[in-house]
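Next up: just one chain, as structure tokens, the form predicted on its own.
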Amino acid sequence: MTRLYVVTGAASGIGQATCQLLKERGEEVIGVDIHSSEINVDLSNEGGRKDGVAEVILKSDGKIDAVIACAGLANPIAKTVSVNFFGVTQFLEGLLPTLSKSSAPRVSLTSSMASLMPNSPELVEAMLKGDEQSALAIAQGLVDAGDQKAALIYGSTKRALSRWVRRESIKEQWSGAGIPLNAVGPGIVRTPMVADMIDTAESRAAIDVSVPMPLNYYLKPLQVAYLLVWLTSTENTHTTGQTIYIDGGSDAVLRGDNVWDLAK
């Protein structure tokens, strides 16, 4: 039976590859992005999120089966907080009542390997409290403090997303409605968002220190799309609350066995 998917960040990168994969498999897709999609809205602000939810409900006649949230920024600016965290969580929460009507509802979203990297605990906590204005103020303070501090913003948004998934997945409104809620944590993916970061041999060497990928090196967007689509398929009935790292071995290299050491 054909399922109806909503995919954010649909105009490029992982989101675009996910839309193409779903359509090739015979699924219906409503793409959401700031441009070049079925629904063009700005998820960096509350008004755009509400408009996006309303348009999805209208275009779908109030019947959707899955949401795959891929929209995001990698820029060391305060706006990254609004897009990467609140643009995902508020959009999903807005669609939750509609999604819950499906016989097999599913949600997956794109976190990052960066969720395991240095971050701003203060910023992460502000996001998890749902306080966008405080989070933006903290992020701007990091920007004002210089490049080294501003670089913490992206990883902080992804850490908060992965923690949000873990917290929300077992709540009644998600698990009680039969909705597996998961994230994927890619390593380096060859998308326009990271093109400048891997443009030269020197830049690749630098990034490979922080994100080593011994298995098959950098990803293509489609390889991430396969995992996002499986997590939102009817085949997935019990995997929930997880950030599944699709990282070529980065997590294993960097954390080793520490992942099981609760004292660390």
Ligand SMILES: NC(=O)c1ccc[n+]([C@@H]2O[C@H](COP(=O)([O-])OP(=O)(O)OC[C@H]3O[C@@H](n4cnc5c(N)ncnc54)[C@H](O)[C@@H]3O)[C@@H](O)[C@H]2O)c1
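Keep in mind that this is a model prediction, so the values were computed, not measured. The numbering used is simple: start at 1 and walk along the sequence shown.
Quick note: we don't show the form predicted together with the named molecule, though the next part is all about it.
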Counting non-hydrogen atoms within 4.5 angstroms of the named molecule in the model of the complex, say which of 225, 56, 67, 70 makes the cut. 70
Can you work out which of 138, 165, 179, 188 has a heavy atom no more than 4.5 Å from the named molecule in the model of the complex? 188
Please identify, from 249 to 257, 21 to 29, 8 to 16, 236 to 244, the stretch that has a heavy atom within 4.5 Å of the named molecule in the model of the complex. 8 to 16
With the partner absent here, would 35, 41 and 110 each sit within 4.5 Å of the named molecule in the model of the complex, counting heavy atoms only? yes
Does residue 158 reach the named molecule in the model of the complex if we count a contact as any heavy atom within 4.5 Å? yes
Any chance residue 83 has a heavy atom within 4.5 Å of the named molecule in the model of the complex? yes
Indicate whether the named molecule has at least one heavy atom within 4.5 Å of a heavy atom of residue 194 in the model of the complex. yes
May I ask you to check whether residue 174 falls inside a 4.5 Å heavy atom distance of the named molecule in the model of the complex? no
So which residues in 210 to 248, when you check the named molecule in the model of the complex, have a heavy atom no farther than 4.5 Å from it? none
